[in-house]
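Read the single chain below, which is given as C-alpha cells and is the form predicted on its own.
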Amino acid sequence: MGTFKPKPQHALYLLPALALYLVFFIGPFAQTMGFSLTKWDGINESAFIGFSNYLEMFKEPVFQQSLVRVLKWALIQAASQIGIALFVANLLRANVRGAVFFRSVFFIPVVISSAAICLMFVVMYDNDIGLVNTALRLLGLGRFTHIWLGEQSTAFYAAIVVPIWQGLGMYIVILVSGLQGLPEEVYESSMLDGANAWQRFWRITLPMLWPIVQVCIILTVSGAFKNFDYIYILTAGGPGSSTHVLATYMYDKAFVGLRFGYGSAVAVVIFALGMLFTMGFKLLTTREE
C-alpha cells in the first residue's frame, strides 16, 4: 500500500472549517479583547481607556475573591470527580452482572439540562421540605441541618456538589472505555507475581491510563473556570457575593451594571486562565514522561 503524500491543494479542504473557526472563535475573541480596552455601556460610543479595566479589576476585592473561589472550585471538582470516577470505573471494569446498566444509570444526569438539575437540588436543599435536611433529622443529626444555599458558610460548597454529581457519569464512561482497552495479560502476570489490588492500580492501571486521566483533568478544570449556570441558578452569586465566580462576576458587571468593557476584561481573564492551565499542565506532564 502506497504512502499518502499531502499536496498543497489538499489544504483547500480545510478552508470551510478554518472559515467557521475564524468567524465564530477568532473574530469574537478579538472583538472581546478590543472591548476590554474600552469604557462602553453597550449603548453609547465606546471610549478607549487602555488597561484601566484590568488595573481596576485586580484591585477589586470581589474579583479577587471570585478568582480564588474558581481556583478552589477547579481543585475540588477535579480531585473529587475524577477520584470517584476512577474508583467506580474500576468496579465496572470487570464484566460483572449489571455493569452496563450501572454505566447507563451514571450517565443519565449528563444528558439532563443543568437548569433542571439545579432546580432539583434547590428543592433537595430546602430547609423545611428538602431531602438533605429531612434525612439528617431522621438520622438524629438535626444539629447539622443548614439553609444550604442561603448561608455563606455552606452555599459555595453546596453548589459545587451539583456539577460534580451531574458530570460524574461522563468521566466514568470515558475511564471505563480506557480501562477496557488495557491488556489483561499484564494484570495476570502481576497477580502471579503476588501484586495486590492497590499495587495493580497504582503501578499498572494508573500509569497506563494516565493519558486519558490527563484529558479528564483538563476537561474538568477548564469547565470549572467557565462555570456560570450552576451558580447563577442556585445562588445568583449570593448570599451577598459569597458564591460569585468569575463568570457570574462578569455577567453581573456587563449585563447588570452595563459595563461591557469591564466585563470583557473579565472574560479575557477567564480565557487566559484556561489557556495557561492547559498549556502548563501539558508541559509539566510531558516533562515528567
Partner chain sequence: MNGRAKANLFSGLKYVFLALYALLTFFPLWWTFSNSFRTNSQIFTQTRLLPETFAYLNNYASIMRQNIPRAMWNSFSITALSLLLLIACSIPAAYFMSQYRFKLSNLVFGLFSAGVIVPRLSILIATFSNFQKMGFLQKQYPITLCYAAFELPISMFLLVGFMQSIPASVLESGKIDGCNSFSLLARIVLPMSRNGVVTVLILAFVSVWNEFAYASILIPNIKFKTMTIVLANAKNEYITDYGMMAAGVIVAVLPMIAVYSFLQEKIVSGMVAGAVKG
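Residue numbers count along the first chain shown, from 1. Computed from a predicted model, the values in this text were never measured in an experiment. For the two forms, the rigid core is made up of the largest set of C-alpha atoms that agree within 1.5 Å on superposition.
Just so you know, the form predicted in complex with its partner chain exists too; it's not on screen, but the next bit is about it.
Worksheet item: Should the three residues Val68, His146 and Tyr157 be counted as contacting its partner chain in the predicted bound form, with contact defined as a heavy atom within 4.5 Å for each?
Response: The answer is no; none of Val68, His146 and Tyr157 reaches its partner chain.
Item to complete: May I ask you to check whether Ile26 falls inside a 4.5 Å heavy atom distance of its partner chain in the predicted bound form?
Response: Residue-level check for Ile26: yes, a contact with its partner chain.
Discussion item. I'd like to know if Ser264 sits close to its partner chain in the predicted bound form, meaning any non-hydrogen atom pair within 4.5 angstroms.
Written reply: Flag for Ser264 set to yes.
Worksheet item: Is Met191 one of the residues lying within 4.5 Å of its partner chain in the predicted bound form, judged by heavy atom distances?
Response: Taking the distances in the predicted bound form, the answer for Met191 is no, it never comes within 4.5 Å of its partner chain.
Worksheet item: Just to confirm, Val111 within 4.5 Å of its partner chain in the predicted bound form by heavy atoms?
Response: Within the cut-off, so yes.
Worksheet item: Of Tyr187, Trp202, Phe87, Trp210, which residue is found within 4.5 angstroms of its partner chain in the predicted bound form when only non-hydrogen atoms are counted?
Response: Result of the distance check: Phe87.
Worksheet item: Heavy atom within 4.5 Å of its partner chain in the predicted bound form: which of Leu182, Ala115, Leu141, Leu75?
Response: None of the others qualify; the residue that does is Ala115.
Worksheet item: Which of the residues spanning 8-42 lie within 4.5 Å of its partner chain in the predicted bound form, based on heavy atoms?
Response: Read in sequence order, the residues that approach its partner chain (within 4.5 Å, in the predicted bound form) are His10, Ala11, Tyr13, Leu14, Pro16, Ala17, Leu18, Leu20, Tyr21, Leu22, Phe24, Phe25, Ile26, Pro28, Phe29, Gln31, Thr32, Phe35, Trp40, Gly42.
Discussion item. Does Leu14 shift between the shown form and the other one by 2 angstroms or more at the C-alpha, the core having been superposed?
Written reply: For Leu14, whose C-alpha is compared between the shown form and the other one after core superposition, the shift is 2 Å or more.
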